[in-house]
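Here's a solo chain for you in structure tokens, the form predicted on its own.
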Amino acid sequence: MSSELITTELVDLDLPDTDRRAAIRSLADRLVNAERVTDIERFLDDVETREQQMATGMRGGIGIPHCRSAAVTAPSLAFGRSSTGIDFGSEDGPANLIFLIAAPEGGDSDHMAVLASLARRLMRGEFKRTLLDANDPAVVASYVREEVKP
């Protein structure tokens, strides 16, 4: 297992799902396959609990579901892109860029630092454009690692 926040196998440039829960499950499957999540159902319950507290959609077509969970073994960021868009509760419509942040339950505030760093980058048109135009998961993983540092 890599200690990097995001790796190639955690990137899906063509999320097939239009449903929020299905999209989160699809990205969570990648975290399980990368041995970063040990119990997908527990993890999904923790993500959903967080979603119920407050929608994680941001203006500009972005969704950032996130949680701390005992099922998470290492701080991780999975990325999915949707051509059709997925409703994450933002006032301005569905999200095309989805970032799933997974943090260990007993971890420090690193995931909040990742969230803050990511939110700052997403204010930049160039960052979003690069992610929307990319066609290689390895390039996306490398770009996000370079840009988003806790």
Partner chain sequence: MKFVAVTACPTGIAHTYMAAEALEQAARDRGDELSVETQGAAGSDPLSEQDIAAADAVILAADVGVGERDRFTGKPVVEASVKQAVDSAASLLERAAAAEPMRVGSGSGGPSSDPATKVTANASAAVRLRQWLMTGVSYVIPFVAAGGLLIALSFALGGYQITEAPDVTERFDPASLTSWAALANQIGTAAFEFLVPVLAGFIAFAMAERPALVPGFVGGAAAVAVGAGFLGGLIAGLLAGGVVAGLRRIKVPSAVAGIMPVVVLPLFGSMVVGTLMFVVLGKPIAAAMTALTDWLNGLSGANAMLLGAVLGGMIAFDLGGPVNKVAYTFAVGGLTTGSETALEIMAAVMAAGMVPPLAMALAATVHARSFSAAERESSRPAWLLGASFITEGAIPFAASDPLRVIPSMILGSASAGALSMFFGATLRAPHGGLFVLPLVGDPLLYVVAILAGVVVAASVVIAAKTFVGRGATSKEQAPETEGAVAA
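Numbering follows the first chain given and starts at 1. Everything quoted here is computed from the prediction, not taken from an experiment.
What follows is about the form predicted together with the partner chain, which we do not show.
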Exercise. Is every one of Arg81, Leu97 and Val148 within 4.5 Å of the partner chain in the model of the complex, counting heavy atoms?
Worked result: no
For this session: Indicate whether Arg42 is a 4.5 Å heavy atom neighbour of the partner chain in the model of the complex.
Result: no
Exercise. Is there a heavy atom of Arg30 lying 4.5 Å or less from a heavy atom of the partner chain in the model of the complex?
Worked result: no
For this session: Tell me, yes or no, whether Arg36 is in contact with the partner chain in the model of the complex, where a contact means a heavy atom of each within 4.5 Å.
Result: no
Exercise. Wondering, does Asp87 line up within 4.5 Å of the partner chain in the model of the complex on heavy atoms?
Worked result: yes
Problem set entry | Those residues of 59-86 which, in the model of the complex, come within 4.5 Å of the partner chain by heavy atom | Arg59, Ile64, His66, Cys67, Arg68
Seminar exercise, completed: Evidently the Cα separation of Phe88 and Leu115 changes by 3 Å or more in the model of the complex, so the atoms lie farther
Exercise. Closer or farther: the CA pair Ser69/Ala119 in the model of the complex, versus this form, with a change of 3 Å or more?
Worked result: closer
